[in-house]
Structures are given as C-alpha cells and as structure tokens.
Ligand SMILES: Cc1cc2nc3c(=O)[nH]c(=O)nc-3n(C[C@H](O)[C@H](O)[C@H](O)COP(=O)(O)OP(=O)(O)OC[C@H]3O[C@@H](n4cnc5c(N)ncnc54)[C@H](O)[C@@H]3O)c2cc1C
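Just the one chain here, laid out as structure tokens, in the form predicted alone.
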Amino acid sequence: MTSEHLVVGGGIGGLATALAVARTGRPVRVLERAAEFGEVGAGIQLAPNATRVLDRLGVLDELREVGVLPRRLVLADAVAGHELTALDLTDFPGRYGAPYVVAHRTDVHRILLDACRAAGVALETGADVTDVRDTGGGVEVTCADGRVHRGAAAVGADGLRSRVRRQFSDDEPICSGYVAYRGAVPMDQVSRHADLRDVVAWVGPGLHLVQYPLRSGSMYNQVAVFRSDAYTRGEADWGTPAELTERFAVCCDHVRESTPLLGRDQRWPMYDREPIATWAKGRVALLGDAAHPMVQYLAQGACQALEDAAVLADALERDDVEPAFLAYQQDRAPRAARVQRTARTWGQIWHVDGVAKLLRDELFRQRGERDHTHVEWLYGPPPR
C-alpha cells in the first residue's frame, strides 16, 4: 500500500481538496473520469467563505486578475423592472477577511489545476471509478478499464450523481422542476445589460435571470431559470427553448430582450438531494456535491466544496485518517445541511407571486444595503 490520498473527481472541489491536502505534505492523486480536465458552464460567484480558502491556497491574487469584484448584489423585479433590494460588497475584505469575486468557471478550474501541478499532485484522466473499498488500513479504488489504485484514503468528489455516495446512502437526486439556460458572450455583443458594477438577479413568478460581467469586464454572463409547466404535467421533454421564450414573455423589456443571448443547445435541469449526516466511513469520505448537492439560489455550491477542502486538510494535519474524516464530517455536515435547506427556501422566496410577493417586496424595501442579518452566518468565519 502507498500513502497516497486518492481524490475521485477533478472538478473545482476535487482539485481544491487535492491542493489543500498536498500542502500538508501528503502525496495526492486525482482520478478524473473525463478524457481531460475541464469545467462545464460559465460564471461562478465566490463569496468570502470561498475566497478566504483560495487565499489560503495561494491562488486568490491570480483569481482577482481574471475575475471581477462587483460593487453590489442586487435583487430586481423581473416583471416591473425596478430594483427591490441590494447588498453592498465593497466592505467585504474588512468585514469578512476576503472579497466577493465573480469569475469564469474555466478560469477558476485552470488556476487550481495549475496550482495542483506545481504542488506535485498526480493527475489522471480517463479514470472512471467504479468501486472504492476500505481495506482496513488503506483503500482500493478500481476503474472501469481495470486500473486499481491503492492508497491511504479516498475522497469522493464525484458530483451530483456520485458513485462513492452509494456507500453512504441509497438516495437519488431530487428534480426541482426548474431548468437553467446559460450564456457567456463577449461584451461587444451585448446590447442589454444591467449595471456592470453589480451582480443582478431579476426575480419573478417561477423564474429569474442573473446577469454579471466576467473576465475583467470583457464578457457578460447570464443564467435564466424557470419552473417548467411541462415538467409539472409529466411530459418527457420539458424545459425546452420554446418554453423558455414563453415563460419570459411576461417580463420587462430589459429581461425579455436579454434572453436571446442565452445558449439554446444545452439546458441544465436543477437537482439537489436531501442532506445526509454521514459523510465518512473508515478511510472513505464524501466532499462537495457528492456530499451536499444544492440548488443554486445562494450561489454556494462551489463555495461549500472549498470550505470542505480546507476543513478536511486541517483535520488530516491534526490526526490520522479515520479520526480526521470523522472530525471533518462533524464540522461540515451540519453547516452544509443548513446551506442546502436555506438555498431551497431562498429559491421559493425569489419565485413567489400574489400576496406572498407583495409581502416579500415590502420586506426587501425596508432593509438597508449594509444589513448583514441574513448573510453573516454564511459569509463569516464559522464558529469553532
């Protein structure tokens, strides 16, 4: 048996974990299913609870160079077209110890991948892991092509449909009935945009559109999400581009005229899972979406994976693998469960109509831009 720590999955969470563990002096190998390392998607929001981790890993300065530090998070009415409330971000470095950054997912992934290479992490592609086994004193990871890797521990960072998770739960992903369309285009192709200093979410009944600049302002990111009536009716083909156009027809000119820039060739149905309390058994642990997949309304999916990476590496520095994994689980599972549940609730708040919308809007109008009542628990350093 070797002393390698094996990470199953080479996304943002897996690479951050590999880098954090490698920085403790332990050998690490990442096993990625795809033929090459890469990320799918466009923009990603990284709140201070994530950028503090990236700072600790030594990559925040590089991220700043390719990202954007927005001025505010804004919620606006997608139908009426006016601002509802906002959160000032300019004091985040002083308040939370790190900035709020928006960036292209591929840039974040590339920065972490380069840092892993520099730290001596072994990186394997085409490694479709089919089985992870605790051998009692070590682990054995088997790939579809017959390769077998033996190591000191294994971390399943293999996403929403994680195979490693099957050792911990027989649950299945839960479909929300919502679907997302994304698009990031050069800024010179954009005729309609919100204030380029802000991240703006236009919210409406059963739909929303998020807009913000990327890559130092040279690109514009948009994500449109809506509840599919076809899904509710039980139709097999739901969340289609035609349904997207139909749903957003009720919106204000700005929102309606922004949607043609969205890509129509790919859609992302939105799933999460119920929280589970057990992430660690012996020398095998879960991390990121494999442990706590969540809907995106708090923009915390990758942020929580980065928190996982830091806590796991800290635990391994303090203790042997098995007690370290248990300490990691005890630290992270309750917090991640709270984020999962709050993300669902926040989605409901965004998408209400009727009297509930009137009450929501009145509450939003009453809060100030520096009111951190509902975000301090999320962005601030967690209590120990």
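In this text the structure is predicted, and so the values were computed from the model without any measurement. From 1 onward, residues are counted along the sequence shown.
The same protein also exists as the form predicted together with the named molecule; that form is not shown, yet it is the one meant from here on.
K.L.:
Could you tell me which of 236-244, 147-155, 128-136, 309-317 sits within 4.5 Å of the named molecule in the predicted bound form, going by non-hydrogen atoms?
P.N.:
Selected range: 128-136.
K.L.:
Counting any non-hydrogen atom inside 4.5 Å, which residue from L286, A302, L112, L209 sits next to the named molecule in the predicted bound form?
P.N.:
So the residue touching the named molecule in the predicted bound form, by this definition, is A302.
K.L.:
Let me know the one among S228, Q296, S258, T85 whose heavy atoms come within 4.5 Å of the named molecule in the predicted bound form, would you?
P.N.:
Filtering the options by heavy-atom distance leaves Q296.
K.L.:
For the three residues E39, I44 and A180, verify that every one has a non-hydrogen atom within 4.5 Å of the named molecule in the predicted bound form; reply yes or no.
P.N.:
All three within 4.5 Å in the predicted bound form.
K.L.:
Would you please decide whether V8 lies within 4.5 angstroms of the named molecule in the predicted bound form, comparing each non-hydrogen atom pair?
P.N.:
Because a heavy atom of V8 falls inside 4.5 Å of the named molecule in the predicted bound form, the answer is yes.
K.L.:
So, in the predicted bound form, is I12 in contact with the named molecule at a 4.5 angstroms heavy atom limit?
P.N.:
Answer yes; at least one heavy atom of I12 falls within 4.5 Å of the named molecule in the predicted bound form.
K.L.:
Taking the named molecule as it sits in the predicted bound form, is R163 in contact with it (heavy atom to heavy atom, 4.5 Å or less)?
P.N.:
Output for R163 is yes: heavy atoms within 4.5 Å of the named molecule.
K.L.:
Please tell me whether any heavy atom belonging to L31 falls inside 4.5 Å of a heavy atom of the named molecule, as the geometry stands in the predicted bound form.
P.N.:
Output for L31 is yes: heavy atoms within 4.5 Å of the named molecule.
K.L.:
Just to make sure I understand: among 81-119, which residues lie within 4.5 Å of the named molecule in the predicted bound form, judging by heavy atoms?
P.N.:
Heavy-atom contacts within 4.5 Å come from R105 alone.
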